[in-house]
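Coming up is one lone chain in structure tokens, specifically the form predicted on its own.
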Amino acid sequence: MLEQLLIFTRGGLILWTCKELGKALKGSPIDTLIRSCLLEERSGEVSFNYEAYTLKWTFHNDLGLVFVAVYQRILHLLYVDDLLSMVKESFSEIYDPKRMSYDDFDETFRQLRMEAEARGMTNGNHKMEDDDSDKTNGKENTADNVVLDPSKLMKLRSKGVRGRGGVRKTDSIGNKSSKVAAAEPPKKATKKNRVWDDAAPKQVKLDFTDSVDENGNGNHDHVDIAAADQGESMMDKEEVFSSDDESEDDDDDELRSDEKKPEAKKKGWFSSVFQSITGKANLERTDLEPALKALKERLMTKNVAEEIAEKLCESVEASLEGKKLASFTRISSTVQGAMEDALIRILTPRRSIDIMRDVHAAKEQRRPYVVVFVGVNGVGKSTNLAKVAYWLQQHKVSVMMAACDTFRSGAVEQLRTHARRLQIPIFEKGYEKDPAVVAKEAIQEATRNGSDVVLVDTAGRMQDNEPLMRALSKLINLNKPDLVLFVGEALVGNDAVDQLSKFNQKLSDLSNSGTTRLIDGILLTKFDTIDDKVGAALSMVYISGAPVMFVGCGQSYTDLKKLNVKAIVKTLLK
């Protein structure tokens, strides 16, 4: 049963609601739809599920109206799409921007609803009849009912065919030798260890981990300390972005596209000029498809995941369909402008995460600010953790590192080297320890010593590794960090969607506490190696909703900067 149907403007003004369906909705499905779907450029999706409800919607882009229907998720109402289209058509005829009340639309909606329900019942009955006919036809065409001709069967046997998977007589003799050869595979020769002397080789100890006492302190006197003072971090430098060069590139791209597609201009010169002056009445889906297809291919060449590029194009299509084309504008420029606005909205953070402000707030509460670095193997978590530590040092913030990667060999030594170069205390317990317990003890040690920030390094893990994901979920739930940073490579394409979605899904499924903790921010690494293939940033932000807080762009401690949204958008659409 239909729970509610609303009509409101894109500005949020509710024009009409069905008074017959006056039931109070549980929660806030409409607000969640606007925040999670419409504002996040996911309006091209078919439906949206919120708790026990399913929401469907349609737009009237020319008038700036949104029509939303809400019904129970367990019900599969076949008439909702038809009802929305009919309500859209009828309401647009009486809509007046100066009018605020539409009480006379109640009777019209009642008739439209009855008509849509009747159509849905008719279509459902036809579908059931078609399914029944398909089933009967399937039974009649089964292999059991097929009659074979005995004469044809004897001819096939005489030729040596034994049916499916059978072998001909001519091939059976030749295959005997091959079967014998296959039964005895050649033995693989193994290389013997070379011994230079008569004496047995000495066993060399490969574990260079220093001995650690109960407090996590070890003997590190044999390593020289080289304080790393490499200047100001790029995080504190404002990146200047010139729009003149980009506009010239855009003009060149338009000229090249016009030169490449002379055959696409089927209309005459006068008709095309007249249409550009007067403007097209309403944009239709067929008008938008060529430009959207070219835009999707361009996004995919920039390393945007195919699924994300397709959803973005569907969202832009939904926002432009039915809208009037302005004078002296082309469809391709209109589509590109809509896509540019959508990309800026996606990459701009929905909520402000000011680490320095949060650090001072935690300091007033006499506790350390805890940041946990997570991600897959080999993306540069430890190296970029050191870059973040260097940036915090530049702002006179005391930092402690926690070596909670007790799984990978050499992880503790790597972090220890960074700590000595930056002259930062490190808390370590060696290997084969519970990372959650090590992180908890590190936070307690930082509280006693008065450290402002604790940077927790974790082991790299694939998103499908259940034991390691369970250990990570335990670490986050036990220590409740202030910030969970996902460290990802800027080189990945479609895999970025899989990594982030599964990390969030595993953290949600394996959470033992009532409040689920997901990824708060993203740190993109190896950004200096991708040239213009910047699509991974868009894919990660789109699939997780978390902002890109840091961008690693080099091998020194200063090579950490903020994400320039305008530069990324220009590069994606270049």
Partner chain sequence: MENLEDLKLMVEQWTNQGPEYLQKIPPFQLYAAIGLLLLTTVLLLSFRLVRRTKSNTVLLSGLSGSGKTVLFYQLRDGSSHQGSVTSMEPNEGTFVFHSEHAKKGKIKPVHLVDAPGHSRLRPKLEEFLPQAAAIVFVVDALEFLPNCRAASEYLYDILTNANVVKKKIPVLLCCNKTDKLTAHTKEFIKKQMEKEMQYEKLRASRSAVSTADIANDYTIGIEGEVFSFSHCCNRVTVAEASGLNGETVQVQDFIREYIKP
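Not measured: the values here are computed from a predicted model. Numbering follows the first chain given and starts at 1.
Missing here is the form predicted together with its partner chain; even so, the following discussion is about that form.
Picking from 324 to 332, 354 to 362, 408 to 416, 79 to 87 the stretch near its partner chain in the predicted complex, with a 4.5 Å limit on heavy atoms, gives 354 to 362. Among the residues Arg73, Arg345, Arg285, Arg470, the one placing a heavy atom within 4.5 Å of its partner chain in the predicted complex is Arg345. Of the heavy atoms in Arg35, some are within 4.5 Å of its partner chain in the predicted complex. Its partner chain is not shown here, but in the predicted complex it comes within 4.5 Å of a heavy atom of Ile30.
In the predicted complex, no heavy atom of Ala537 sits within 4.5 Å of its partner chain. Interface residue remark: Leu25 is not counted as part of the site for its partner chain in the predicted complex, having no heavy atom within 4.5 Å.
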